[in-house]
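Next comes just one chain, in structure tokens: the form predicted alone.
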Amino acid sequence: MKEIDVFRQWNRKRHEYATAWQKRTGGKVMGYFCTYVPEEILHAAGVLPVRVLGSHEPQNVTEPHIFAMFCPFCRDCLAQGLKGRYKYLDGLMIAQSCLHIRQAYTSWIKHVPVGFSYYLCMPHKVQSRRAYPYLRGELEAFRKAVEGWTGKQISDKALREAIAVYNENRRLMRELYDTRKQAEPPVSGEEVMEISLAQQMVDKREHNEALRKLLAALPRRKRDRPAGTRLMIIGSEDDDIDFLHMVESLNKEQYPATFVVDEHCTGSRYFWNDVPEDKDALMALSRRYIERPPCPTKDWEERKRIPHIMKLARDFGAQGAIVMQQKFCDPHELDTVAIRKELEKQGIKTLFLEFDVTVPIGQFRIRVEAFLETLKQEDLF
């Protein structure tokens, strides 16, 4: 489908897109590690935010810089910097995240030349009432730093315009996800992941335009296969398109399956809530990033992530869930037991898979097929 192909090209040619955007606009490109980064401030300054992701290729360049027992995702991301894959970046930043990603960022800026770097102190205890004014102060400092870097003043008007662009993007993505509630979703999980990943790499105005065209075309689309078992994917960072393709292509006649929703930071958690209306644009941003569906590193003392996952499972009619964890990902490892317990309690069977993004996904084929067979047998009886 041509309306989806544009997102696929953006995602798979992400470096080429950023380089072309740079030449076309004369603007700066900022690489970022975590989705708690307030991209709206960068957009208001005419900067293109590009999320740093790995390549899913084996590498041997990170060992002197980062522990081997750190998650494969952070090591893969660092490898891309050390190999020069992101040499076009004008800056690199992170919002306070897990220890592993923080180490990848620190090693990168120490060993790879970058013109501007910034560590945004995003609070971990987002449930504290003090988190709102604290983060607002950090955002004000970040705005001033970006102004100094770009030489452009970020007016309140520009910031509100950026917020409007980003909120539209989030709304359009939620509209796309709503189509997956249908008995026969017009898009596959693999296709939606391409769209979601492209969302984190291209100019949001271009992404919005492409989304509007796609949503207009989807009602006429008829897929050539049944949806089959409705699956949910949950876990730590997951941009493994090949895995989704394998599951949705696996024995299509006997065990058809479709991913109808996800809960991870490269999917729905990135765009699920809007920036609220507020006369104080920075406080509105503070509220949005504090109140978004939480990463496990910030889901305390009250556990809010599990109720959110259960609501997604109900709303999208998930029949089974694949819970994925990047190897050595401590925050998600702590969440996994409680998530699986609650899903199973609600009658949603789960399959747990420990991933290494640099290892081929073929090892999971038989386990996934057995899981789908179990779900089909339970549905028959």
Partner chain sequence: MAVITAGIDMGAKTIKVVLLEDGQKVRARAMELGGTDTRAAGERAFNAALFQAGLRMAEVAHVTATGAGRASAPFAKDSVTEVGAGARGAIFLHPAARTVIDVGAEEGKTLRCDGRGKVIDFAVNEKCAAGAGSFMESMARALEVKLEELGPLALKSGNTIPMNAQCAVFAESEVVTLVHQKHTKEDIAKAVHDAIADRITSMVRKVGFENDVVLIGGVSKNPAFVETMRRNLQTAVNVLPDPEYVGALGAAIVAAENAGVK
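The term rigid core refers to the maximal set of C-alpha atoms that superpose within 1.5 Å between the two forms. Computed from a predicted structure; not experimentally measured. Numbering follows the first chain given and starts at 1.
The form predicted in complex with its partner chain is left out here; the points below concern that form.
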- Query: Hey, in the predicted bound form, does Q22 get a heavy atom within 4.5 angstroms of its partner chain?
  - Reply: no
- Task: Could you confirm whether D356 comes within 4.5 Å of its partner chain in the predicted bound form, counting heavy atoms only?
- Result: yes
- Message: I'd like to check something about E344: if you look in the predicted bound form, is any of its heavy atoms closer than or equal to 4.5 Å to a heavy atom of its partner chain?
- Response: no
- Is there a non-hydrogen atom of P58 within 4.5 angstroms of a non-hydrogen atom of its partner chain in the predicted bound form? yes
- Query: Can you say which of 37 to 45, 24 to 32, 311 to 319, 58 to 66 gets within 4.5 Å of its partner chain in the predicted bound form, counting heavy atoms only?
  - Reply: 58 to 66
- What residues of 328 to 365, in sequence order, lie within 4.5 Å of its partner chain in the predicted bound form by heavy atom? D356, V357, T358, P360, I361, G362, Q363
- Message: After core superposition, I'd like to know whether T358 moves between this form and the one not shown (criterion: C-alpha shift of 2 angstroms or more).
- Response: yes
- Message: I want to verify one pair: K87 and P360. Are their C-alpha atoms nearer or more distant in the predicted bound form compared with the form I supplied, knowing the change is 3 Å or more?
- Response: farther
- Message: Please check whether, in the predicted bound form, the CA atoms of E57 and P360 lie closer or farther apart than here, given a change of 3 Å or more.
- Response: farther
